[in-house]
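Before any questions on how it binds or moves, here is one chain, the form predicted alone, in structure tokens.
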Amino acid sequence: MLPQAKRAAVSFVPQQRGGVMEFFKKTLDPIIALAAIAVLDIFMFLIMGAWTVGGGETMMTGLIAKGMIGDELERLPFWSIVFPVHGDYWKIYISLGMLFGAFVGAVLSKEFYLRVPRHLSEWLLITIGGLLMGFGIRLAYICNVSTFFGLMPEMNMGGYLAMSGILAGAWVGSLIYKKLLEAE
């Protein structure tokens, strides 16, 4: 084998071994990623309707609450009239599939780790942020994913208003978090 061909063969082997990990480490070209999302969104909308994530988490919360307090949960109008609890709600599986896919991608790219906030201020921000997100989801009766992939492509003004609020909230939240980090 020629020395040049030998080098090429040697350098090809590590790329083959790390192929899966390299795939998950690379950032997709935004145009290719958006085109793939648009095509998948069309098929999902045709088959199942708008993609939402918040409903799955809400139903999982209802199932956990029903497991803990039983039929007492149905005394609350939200769980008996607005969002009756049942385990065959299909959006649960979208949420679990998204979580599983993110976990597998992070593990294969060797970027998975558990991070526990060290300061009380971080726990406070996480709690307040989570409550505000949950409150916003229940007020809008839709989540950010559904807003972005469902309402905005449909040219729905509510989607654009919601996304403007989400961006403004993320910007204000990042400024608050930055100030807290600088204060430490």
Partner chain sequence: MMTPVAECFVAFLFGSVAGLLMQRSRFCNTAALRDAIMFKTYRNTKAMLVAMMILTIGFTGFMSLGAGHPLQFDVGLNTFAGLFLFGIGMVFAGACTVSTWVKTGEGNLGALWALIFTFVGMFLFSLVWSASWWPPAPQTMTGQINAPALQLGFANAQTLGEKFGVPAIVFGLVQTVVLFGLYRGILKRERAQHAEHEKHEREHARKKAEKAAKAAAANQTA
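Remember, it's a predicted structure, so these values are computed and weren't measured experimentally. In this text, rigid core is short for the largest set of C-alphas that superpose within 1.5 Å between two forms. Positions refer to the first chain, counted from 1.
Keep in mind the form predicted together with its partner chain is missing from the figure; the text below concerns it.
The shortest heavy atom separation between residue 130 and its partner chain in the predicted bound form is within 4.5 Å. Among heavy atoms of residue 73, some come within 4.5 Å of its partner chain in the predicted bound form. Using a 4.5 angstroms limit between non-hydrogen atoms, residue 138 touches its partner chain in the predicted bound form. In the predicted bound form, its partner chain sits within 4.5 Å of a heavy atom belonging to residue 30. Along 147-180, residues 147, 148, 149, 150, 151, 152, 153, 154, 155, 156, 157, 158, 160, 161, 162, 164, 165, 166, 167, 168, 169, 170, 171, 172, 173, 174, 176, 177, 178 each place a heavy atom within 4.5 Å of its partner chain in the predicted bound form. Core-superposed comparison between the shown form and the other one: CA of residue 156 displaced by 2 Å or more. A displacement of less than 2 angstroms separates the C-alpha positions of residue 133 between the shown form and the other one, with the rigid core held in common. For residue 33, a C-alpha deviation of 2 angstroms or more is recorded between the shown form and the other one after rigid-core alignment. Between residue 157 and residue 81, the Cα spacing is smaller in the predicted bound form than in the shown form, differing by no less than 3 Å.
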